[in-house]
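In structure tokens, one chain follows: the form predicted alone.
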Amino acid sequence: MIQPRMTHQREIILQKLRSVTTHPTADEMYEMVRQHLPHISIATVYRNLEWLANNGYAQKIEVGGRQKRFDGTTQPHYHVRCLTCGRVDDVHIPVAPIAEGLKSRAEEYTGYVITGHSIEFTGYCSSCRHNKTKNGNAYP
């Protein structure tokens, strides 16, 4: 079977994805990519983002009930999501020591062979905290 190749469209999409740290949605990527490829369709952007994620060029971040986001950083790392605005940021803490302990325990408790995991931290970003404090409210 012939393996799909890295097309010009995929290269542009990946280049744009790696140029930001905002973990954009496919719709946001579409707006970014259209500046360089004005005739590209939203379906093409979706399909190519999926291809990039499935082939190890990007990560797909799927958080419960929200739009998928994409990350141009493929090294294992964690994310934090704002509960107010949905913003997603990287959490720069070592993954390996935590992951091995979790993997072993999960395999022990479930009988599964664990091939990966995802930990999502949640909280309130500085912008949302500032806006809420400015309006006289506070987070718990």
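These figures come from a predicted structure and were not determined experimentally. One rule holds for the numbers: they count along the sequence shown, beginning at 1.
Not on display, but discussed next: the form predicted together with another copy of the chain.
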**Prompt:** From the list Gln35, Thr115, Gln75, Ser41, which entry has a heavy atom within 4.5 Å of another copy of the chain in the predicted bound form?
**Reply:** Thr115
**Asked** Quick one: is Arg69 in contact with another copy of the chain in the predicted bound form, heavy atoms, 4.5 Å cut-off?
**Response** no
**Request:** Would you please decide whether Arg47 lies within 4.5 angstroms of another copy of the chain in the predicted bound form, comparing each non-hydrogen atom pair?
**Result:** no
**Request:** Check whether Val20 has any heavy atom within 4.5 Å of a heavy atom of another copy of the chain in the predicted bound form, and answer yes or no.
**Result:** no
**Request:** With heavy atoms only and a cut-off of 4.5 Å, decide whether Asp27 touches another copy of the chain in the predicted bound form.
**Result:** no
**Prompt:** in the predicted bound form, does each residue in the set Glu62, Arg81 and Cys125 place a non-hydrogen atom within 4.5 angstroms of another copy of the chain?
**Reply:** yes
